[in-house]
Ligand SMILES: NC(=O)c1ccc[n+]([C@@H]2O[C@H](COP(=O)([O-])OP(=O)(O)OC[C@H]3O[C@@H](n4cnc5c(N)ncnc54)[C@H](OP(=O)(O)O)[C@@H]3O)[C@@H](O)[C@H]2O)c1
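Before any questions on binding or motion, here is one chain by itself as structure tokens, the form predicted on its own.
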Amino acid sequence: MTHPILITGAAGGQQGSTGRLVAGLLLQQGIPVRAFVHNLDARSNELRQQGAEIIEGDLLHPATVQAAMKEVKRAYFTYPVTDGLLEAATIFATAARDAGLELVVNNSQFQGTPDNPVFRDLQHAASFRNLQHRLTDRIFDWAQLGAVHLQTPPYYENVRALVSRSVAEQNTVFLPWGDGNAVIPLTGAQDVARVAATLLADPGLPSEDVYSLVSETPTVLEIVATLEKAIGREIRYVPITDEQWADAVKERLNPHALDHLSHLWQHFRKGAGNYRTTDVIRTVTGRNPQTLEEFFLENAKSIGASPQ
């Protein structure tokens, strides 16, 4: 593959960092990567040392996006959980269409499975952010870029971020997830990145335009039990109100993310989705998806495992 693959979010964020993972997977295969980063720092320097071409820019600035598209045929689009998704997607789709891209892999959000189509309707969006993702998918489709959408539920990494502090300090999970029987569909960021990298590296074009990635569908109590097993000590689950949770995390989350997650918890508590696991990760990559238990075991120290 002679044309570089453009990867947005390549420096990585605070949790899933799929852009950075995709860049790394492609570089390991010797595929040229153009890493689109917001700032030049130690993370971009590390990517440069791995062989990536570094482009500093902003997805909300059309000129930098257009410059990044030169000689590109394929790209990975992801955007952090903050304001600006629709604007960034429109700018990116316009630039990609003008540059003649043949494939854009779009990191989207879960919208239902083929046997559960109602949850792909705009009126059933779980949050305003989820609605924005649904509209973003349509923007890319209308641009006729050969876009494919990776529609994913919350990541294992999101769960880790939510529980690490309270588990380490109090052996307790404090979340507004109801009585413990709510189902929380999950997947791992590593598997999302592997699917994206596989599709981008394949010289052919994907056979589908939507890939729904759901690795597990545990209840809240099952998540806690899996965590207990992984870190080797008893963990309590204590349900709290939406207001209590929002007050506890407001200093760590931007308003956009806080609104999205607050509505997402309400959606899960209502049991609005008949969630099912999908076989996409194994079908596309040839490997079974990472399990929640495997993820917790790999990250036990960061979550507060008992010393051995």
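Everything quoted here is computed from the prediction, not taken from an experiment. In case it trips you up, residue 1 is the first one in the sequence shown, and so on.
Below, we turn to the form predicted together with the named molecule, even though it does not appear here.
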| property | result |
| --- | --- |
| Contact test in the predicted complex: G24 vs the named molecule, heavy atoms, 4.5 Å | no |
| 4.5 Å heavy atom contact, V284 to the named molecule in the predicted complex | no |
| Interface membership of V81, the named molecule in the predicted complex, 4.5 Å heavy atom rule | yes |
| Contact of R194 with the named molecule in the predicted complex (heavy atom, 4.5 Å) | no |
| The single option of H263, R48, H38, R269 touching the named molecule in the predicted complex, heavy atom within 4.5 Å | H38 |
| Stretch in contact in the predicted complex with the named molecule, which is absent here, among 51-59, 275-283, 240-248, 25-33 (heavy atoms within 4.5 Å) | 51-59 |
| Stretch 134-171 - residues with a heavy atom within 4.5 Å of the named molecule in the predicted complex | T152, P153, P154, Y155, N158 |
